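In the block that follows, a single chain appears as structure tokens, in the form predicted alone.
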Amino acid sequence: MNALISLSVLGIVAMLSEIFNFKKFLYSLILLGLVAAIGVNVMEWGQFQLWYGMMIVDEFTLAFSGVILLTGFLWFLLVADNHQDKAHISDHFAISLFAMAGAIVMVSYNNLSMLFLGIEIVSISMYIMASTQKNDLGSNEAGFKYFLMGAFATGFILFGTALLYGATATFDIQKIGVFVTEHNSELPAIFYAGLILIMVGMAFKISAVPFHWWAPDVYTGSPTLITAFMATIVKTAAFAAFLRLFITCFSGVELFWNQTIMIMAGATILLGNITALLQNDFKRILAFSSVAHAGYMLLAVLAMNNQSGGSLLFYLLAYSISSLSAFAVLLAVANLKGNTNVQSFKGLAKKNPFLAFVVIVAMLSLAGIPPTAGFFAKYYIFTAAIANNYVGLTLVAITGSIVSIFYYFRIVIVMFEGDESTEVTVGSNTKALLVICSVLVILLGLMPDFLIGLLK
């Protein structure tokens, strides 16, 4: 909970920096503040607190909050060298910090009203950030499309929450779980209707098929920095919220929803990977790749065992740091070449071996090739699913992973073609980000046991 307070204070400081004229120190203050937030988050480990029944601090909260804070710190390293709107930088920093605060709420809620508040804090921030390039038609379209689709999803979640309250007379997810256990055979129809509506709304938030079509256009049209934020921090918060909700509230009626989630997961994996295979724009490839990864992570929700939390935590961290590496290099290449097409990476390996190495590590991890973190991320997710007898779905996931190798390795092959590439320069903060992410991807691949055991 101290991490939430730290982020809120940092957001307020960012808002005040313009008024009190200390904007030039703001970036350093934010990085120091995020380091402090990570520190207080670690210090709370092992504690259990329930804040007026609304928010909960437990190992689940602290572990996923840690992923969000670490990813946020790395994202801000990327921002320093690539933020173009210097005039409004304090506003953008404040909105980003408040979005992170909303993400923390989404992983620590104990009441459905707090889940809704967390989702809206994140969503409203992203509606704004997606459309910050006012002169770019794609950015305007991304913000408008995200707003419209997000509004529909919010409606589903609110209506579903109202029906659940009508059935159980509480918003407290622990009490809803107890109610489901005690009345398993006599749950009213409005309870199941509420469950379906919330599931639809959350499926939008994680970009699962068939509620995923907003993601490619929004990811492509938004500024690349914001796309990186959506694909990592927002996705982490959404999946943690999804897992907590279903494990706490709906595990007693698993037979009602598991077939739906199973079909959704399989369709998300196959459609995401096959569609990514057909793309020529690297940003759009990463967008459909993000959809496919959502399908893999749904296996952790389906597993509903003591491996679910740890496997999802590991997957989200591995996916986030790999994606940040890919987006960082994409930003550097796009700034030079003026586009995000795959062919922009042609010859990169000969003129920019460091950047090429970073891309190779990221692609190997996203594809799930050892000895990277991505391999063990998929291994733990698949193991958790098999332990709960989802063997067929796991085979579908493995097939999807094989398909993904083709478009991930396509990027690698293009980097070694030709020699017409000019040298791509990156700032010192971006270099630090690339080094940290690449080292973490390799270290997590070599020593995965520590992290995976945190939430067993």
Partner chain sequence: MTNLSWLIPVLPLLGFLLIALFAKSLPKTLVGLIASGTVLGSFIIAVSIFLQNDGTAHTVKLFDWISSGKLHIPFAFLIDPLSLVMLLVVTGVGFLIHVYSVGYMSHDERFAQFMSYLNLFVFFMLLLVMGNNYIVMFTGWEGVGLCSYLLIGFWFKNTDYNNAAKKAFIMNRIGDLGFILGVLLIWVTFGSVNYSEVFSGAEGFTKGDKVITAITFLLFIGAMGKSAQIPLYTWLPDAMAGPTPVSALIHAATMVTAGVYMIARSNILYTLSPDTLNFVLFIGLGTAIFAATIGLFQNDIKKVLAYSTVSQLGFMFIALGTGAYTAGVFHLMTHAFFKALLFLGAGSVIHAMSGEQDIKNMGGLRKHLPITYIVFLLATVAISGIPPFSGFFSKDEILAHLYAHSPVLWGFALLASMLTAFYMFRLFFLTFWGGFRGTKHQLEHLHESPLVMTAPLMVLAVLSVLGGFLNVPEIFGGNLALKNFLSPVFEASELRSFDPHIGHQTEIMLMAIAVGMAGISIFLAYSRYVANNEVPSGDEKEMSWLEKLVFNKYYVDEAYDAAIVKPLNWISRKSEIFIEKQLIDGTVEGSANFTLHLGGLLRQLQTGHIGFYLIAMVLAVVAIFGYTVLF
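Positions refer to the first chain, counted from 1. Predicted, not measured: the structure shown is a model, and the values here were computed from it.
There is another form of this protein, the form predicted in complex with its partner chain, and it is not shown here; the text below is about that form.
- Within this chain, Asp217 lines the site of its partner chain in the predicted complex, having a heavy atom no more than 4.5 Å away.
- A residue is said to contact a partner when one of its heavy atoms sits within 4.5 Å of a partner heavy atom; Phe382 fails this definition for its partner chain in the predicted complex, lying far away.
- The closest non-hydrogen atom of Val403 lies within 4.5 Å of its partner chain in the predicted complex.
- In the predicted complex, its partner chain sits within 4.5 Å of a heavy atom belonging to Phe288.
- Only one of 253-261, 336-344, 93-101, 301-309 lies within 4.5 Å of its partner chain in the predicted complex by heavy atoms, and it is 253-261.
- Looking at its partner chain in the predicted complex, residues Ala193, Ile196 and Leu277 each place a heavy atom within 4.5 Å of it.
- Phe204 is the sole member of Trp75, Tyr109, Phe204, Phe376 with a non-hydrogen atom lying within 4.5 angstroms of its partner chain in the predicted complex.
- Proximity to its partner chain in the predicted complex, taken as a non-hydrogen atom within 4.5 angstroms, holds for one residue of Arg244, His212, Lys235, Lys283, which is His212.
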